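Shown here is one chain on its own, the form predicted alone, set out as structure tokens.
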């Protein structure tokens, strides 16, 4: 079992926790470890640490362990945990803030999740919606799985489920304003 020097870990993590609270608007001290978040999480079996364990590790100052956890990348932000939490701890916001911090430090545990997220946001910023075919093609190309979905393309195209051409939405300026506002609030794209 790993020994933890609690007073040192807590003093070293104090600034990180304060910055995390500012970024996510979540106070980790609100969690009293009831475990309802973990019990309801549909992806908990794919995580290395359950959601309530992530919160407990943060409460104990184990920042590096949390930032290296696969769990922060596996979270699908479905908000089941948030809906079940008696203290209304917004775990999806916290997980996103942890992902951003991990990415800033170059700790990207699940590179495909990060790639998917970047391509999704690029498509939304460019067209106002996701261009599925372009996103699939770029994702497969950049993740090294070029022909992964090639067999599906003829059926999807024939049934008009995807289009080879992107379509911009009306009100593209509103989307650009959202991205500009997010950037002004500190939501930089990494």
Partner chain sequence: MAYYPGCSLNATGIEYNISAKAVAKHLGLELWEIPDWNCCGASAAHSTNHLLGLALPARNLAIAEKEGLDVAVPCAACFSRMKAAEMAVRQSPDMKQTINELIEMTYNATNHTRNLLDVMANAVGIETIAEKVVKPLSGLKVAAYYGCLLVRPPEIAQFDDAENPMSMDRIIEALGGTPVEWSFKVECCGAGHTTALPEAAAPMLHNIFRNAAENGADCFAVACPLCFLNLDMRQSEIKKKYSAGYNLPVFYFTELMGLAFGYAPKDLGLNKHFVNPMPLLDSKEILRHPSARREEA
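Under this definition, the rigid core comprises the largest set of C-alpha atoms superposing within 1.5 Å between the forms. These numbers come from a predicted model, not from an experiment. Positions refer to the first chain, counted from 1.
The protein also exists as the form predicted together with the partner chain; that form is not presented, and the subsequent description refers to it.
S.K.: With the partner left out here, if you bring back the partner chain in the predicted complex, are 16, 58 and 87 all within 4.5 Å of it by some heavy atom?
M.R.: Heavy-atom distance to the partner chain in the predicted complex: none of the three under 4.5 Å.
S.K.: Given the stretches 26-34, 48-56, 61-69, 125-133, which is the single one in contact with the partner chain in the predicted complex, using a heavy atom cutoff of 4.5 Å?
M.R.: In short, 125-133.
S.K.: So in the predicted complex, does any heavy atom of residue 169 sit within 4.5 Å of the partner chain?
M.R.: Yes, residue 169 lies within 4.5 Å of the partner chain in the predicted complex.
S.K.: Can you check whether residue 164 is within 4.5 Å of the partner chain in the predicted complex, heavy atom basis?
M.R.: Outside the cut-off, so no.
S.K.: Heavy atoms within 4.5 Å of the partner chain in the predicted complex: does residue 181 have any?
M.R.: Yes - in the predicted complex, heavy atoms of residue 181 and the partner chain come within 4.5 Å of each other.
S.K.: Closest heavy atom of residue 121 to the partner chain in the predicted complex, within 4.5 Å or not?
M.R.: Contact with the partner chain, yes.
S.K.: With the partner left out here, which residues of 90-115 have a non-hydrogen atom within 4.5 Å of the partner chain in the predicted complex?
M.R.: Stretch hits, in order: 93, 96, 99, 100, 110, 112, 113.
S.K.: Inspect the rigid-core superposition and answer whether the C-alpha of residue 57 shifts by 2 angstroms or more between this form and the one not shown.
M.R.: Residue 57 C-alpha, core-superposed: shift of less than 2 Å.
S.K.: Core superposed first: is there a CA shift of 2 Å or greater at residue 125 between this form and the one not shown?
M.R.: Where the cores coincide, residue 125 still shows a C-alpha shift between this form and the one not shown that is 2 Å or more.
S.K.: With a threshold of 2 Å on the C-alpha, tell me if residue 17 counts as moved between this form and the one not shown once the core is superposed.
M.R.: No; residue 17 is a residue whose C-alpha shifts by less than 2 Å between this form and the one not shown when the cores are overlaid.
S.K.: Quick one: with a 3 Å or larger change, is the residue 180 to residue 106 CA distance smaller or larger in the predicted complex? Answer closer or farther.
M.R.: Between the C-alphas of residue 106 and residue 180, the gap narrows in the predicted complex (3 Å or more compared with this form).
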